[in-house]
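The chain that follows stands alone, in the form predicted alone, written as structure tokens.
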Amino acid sequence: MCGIVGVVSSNNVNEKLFNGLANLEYRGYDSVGMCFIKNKRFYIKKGVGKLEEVHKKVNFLKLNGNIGLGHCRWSTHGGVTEKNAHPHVDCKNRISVVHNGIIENYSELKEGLIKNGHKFYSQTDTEVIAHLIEDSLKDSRIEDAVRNALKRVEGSYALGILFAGQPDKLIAARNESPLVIGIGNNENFIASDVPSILSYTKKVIYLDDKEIAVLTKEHVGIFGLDGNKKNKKTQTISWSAEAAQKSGYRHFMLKEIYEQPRAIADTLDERLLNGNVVFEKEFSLADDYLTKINRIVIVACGTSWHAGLIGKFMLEELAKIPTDVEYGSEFRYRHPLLDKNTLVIAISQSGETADTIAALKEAKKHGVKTLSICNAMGSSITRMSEGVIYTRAGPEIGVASTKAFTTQLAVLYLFTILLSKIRKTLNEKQIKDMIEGIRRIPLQLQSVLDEDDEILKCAELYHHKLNSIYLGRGVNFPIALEGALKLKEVSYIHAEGYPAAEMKHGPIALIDKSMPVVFIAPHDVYTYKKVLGNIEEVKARGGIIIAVATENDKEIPKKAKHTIFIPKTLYTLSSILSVVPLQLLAYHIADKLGRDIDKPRSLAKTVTVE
């Protein structure tokens, strides 16, 4: 989950590296480092802490050079120390390496290298790569040495490599960890993610597994590990550099919460035409295939898994297709039963989540068709899938996902409409009501955001509480899970989400007068009265009740300590509105506690290692 940025240019690159790391720091902030070449020598500065903290000590901008690498670390192998910070070098200080991923066979490689006289200075798996290249360089060009070294490596990697003897050349390599090439004007870039280089170029090439790129300021060549050249398509990113900035908000998370009405409007744009759902050509799953599927399996992780649970409600309730939701990290370890009439849907904001990619690969081994729901054009899961639906949320920088989640729900809803119409499980009136319901969501979301004062009041009163419970039923049970996850992620307060009926099977023992209990309780014909009963049970035990309810509800305000209202909508859409108050509650509590909201401890935006 580390972040990599590299530049080779005709000009000094220190500011571009620094700004690139600043825009990439959500991928790791245990330590940070930079390396430049000047007069065929490396100049390296690094330290423990976040970019600004280390910069105050070492002043990265004093380093000069027309080529350089930067790295922000999320530690896996080796503790958080200056020695373990990247870049790492070989014995002769000729090869500098930055790395995202895990080298699975590093122990045996390291043991062999030590026997051959190599000296190691860190506890990381990454340093092995520098020494492997050094070993191969004795009889090879630097490009060949890199290829030969990587043939011995098992595991995942995104690499940036410099050779002091060739100060005009930057080498990159990828296997199962994301890496993108940026094509500039008399300069070229490598980066773990697009936002880090958006200020300098929108033209990118996505590396695939086991590919190596050789960059000079004027040229990019891409090769396989066999040395054969590859022709790669250049893509143009539609996001603006401004979209990846805070734009006056204190935190990216708050900005992205407030961007949700726009993000959903963009997700719907030109996809609802004349009573039909129309996806772009990337979707590419034909109607005749969609009529034949008899099962859907959704694979995802974290917040995207919660979106999948809500998708299950939509697909089963409306399109009448049995749907299973699997953790990407568990899916391939239990020999899944899949056949030609099963559709596997992978959901991922980044499209680079290692466990979701592994699950998708497992599905493809069974010969089933796959569909990805993703926010990042050109990412790994979109290139692996037969069909793609993009969420159009724009760049999401905050580690805790917000607008990516609600746009995933919007896409799942649109897909449900499409299937329901093709398979004739709903009549024209029902389809029309569904379309009208989703069209209203952006404006309704804006009215939810206007409830922020009541949410802020709850944060002021209860930010010191150490535990809380989130309860919901039906389509809003996953919202209880997501609300609890958001609070844990950004405030570090323990919270658990449960189906409200399951409260009596254990969690009720925790409820007392100091326990906040958040109910997701919009008015519906399915679960509302049952939830009222659950609220009474908590009230009888003195719990602090915070409820999300439908506007004009008369019953819940009588029972709850605090009520946050959302507009009336269709049952299957209520989850999109219900989650926003919980996002804001988590944000405000974390802010009151002085947490680093956009960079929560031990978390990274994209989990690219298993």
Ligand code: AGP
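Position 1 is the first residue in the sequence shown; the rest follow in order. Computed from a predicted structure; not experimentally measured.
Here the subject shifts to the form predicted together with the ligand, a form of this protein not shown in this document.
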Let me know the one among 493, 237, 301, 220 whose heavy atoms come within 4.5 Å of the ligand in the predicted complex, would you?
301
Just one of 400, 471, 97, 190 has a heavy atom within 4.5 angstroms of the ligand in the predicted complex, so which one?
400
Any idea which of 78-86, 347-355, 447-455, 524-532 reaches within 4.5 Å of the ligand in the predicted complex, heavy atoms considered?
347-355
Taking heavy atoms only, is residue 489 within 4.5 angstroms of the ligand in the predicted complex?
yes
Determine whether any heavy atom of residue 485 comes within 4.5 Å of a heavy atom of the ligand in the predicted complex, and answer yes or no.
yes
When the ligand is considered in the predicted complex, the residues of 16-38 having a heavy atom within 4.5 Å of it are none
